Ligand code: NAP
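First, one chain by itself: the form predicted alone, in structure tokens.
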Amino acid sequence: MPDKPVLLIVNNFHADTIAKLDARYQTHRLWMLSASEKRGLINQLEGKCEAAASASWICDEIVYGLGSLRVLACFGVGVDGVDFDRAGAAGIAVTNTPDVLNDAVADLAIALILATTRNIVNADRYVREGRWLRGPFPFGSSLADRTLGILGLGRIGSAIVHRAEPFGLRFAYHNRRPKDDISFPYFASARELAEHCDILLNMLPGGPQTLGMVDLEVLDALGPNGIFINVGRGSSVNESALVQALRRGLIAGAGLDVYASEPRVPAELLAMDNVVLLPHIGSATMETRAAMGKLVADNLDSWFSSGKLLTEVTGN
């Protein structure tokens, strides 16, 4: 029986997936080693290892120095943890896990929209603290006839639109360029989109091109009744500007699942009642994470059997 292929596991991204990879390949766990031990392992694997598995949002840069590495299979969709310049220069192809998490993230986006517009978290606290006995809870806002503006309308954004249509919402969007198959309005900048919507939903990927794109100017344009939702990447939002906008009443509230320096959340946001804070759980369902792990393994299996990849990322 031939030896199992060698696989470098860069970080502890999903225990069940890593256990399955352990069963299929000769695995080496990079994240458990000291800096000197990592260098020793890379030297040991040179010429023997051509594939690695990693989280998509973070990757140890030492892997780019493994000269025989040809594939980096990433667990996740957003690949802002990958240095594509170094990967490309080293001849390393990168894969991710698109589509299988669309439904889970779209569901959570709808949950955040409802939680913020109807003030659901505070309403729960109102009942638990016995304040309902002293009077009714303040009114929330309906979704019908309001406009949901989507920053970064891709697969997940389209799934959100499909879910949001029955609520009577209108839609608008901003991408780097308009899409031919979209009938609702396109705006050429994030600020223009914010001016024309009631709820601004950030679906932007991470990376230098989107860094801090949602700034004070954009949030001010959203207006004092506006709601900001982020299930994209925390790095695309200027968090200081978001805190300022919430403090000054430039926007009404926010619902956040992602942050600039996870798992650290600014103390100012923690203290605000008009912000719903979640611990980056957009794709965190058992079914979705299992499907993501399967796609990581399927990409690796395809590479080792045929030299082809199923979901290669051609650039970032």
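Don't overthink the numbering: it's just position in the shown sequence, from 1. The structure presented is a predicted model; accordingly, all values stated were derived computationally and were not measured.
We do not show the form predicted in complex with this ligand, though everything after this point is about it.
Among the residues A73, I229, I156, L148, the one placing a heavy atom within 4.5 Å of this ligand in the predicted bound form is I156. Between this ligand and the residues A93, A221, V105, L246, the one pair within 4.5 Å by heavy atoms in the predicted bound form involves V105. Residues within 4.5 angstroms of this ligand in the predicted bound form, judged by any non-hydrogen atom, belong to 276-284 and to none of the other stretches in 276-284, 247-255, 58-66, 30-38.
The three residues V77, L101 and R177 all sit with a heavy atom within 4.5 Å of this ligand in the predicted bound form. Remark: M213 counts among the residues lining this ligand in the predicted bound form, judged by a heavy atom distance of 4.5 Å or less. In the predicted bound form, this ligand sits beyond 4.5 Å of every heavy atom of L143.
Though the partner is left out of this view, P205 does reach within 4.5 Å of this ligand in the predicted bound form, counting heavy atoms only.
Mapping the unseen interface onto this chain, N225 falls outside it, with no heavy atom inside 4.5 Å of this ligand in the predicted bound form.
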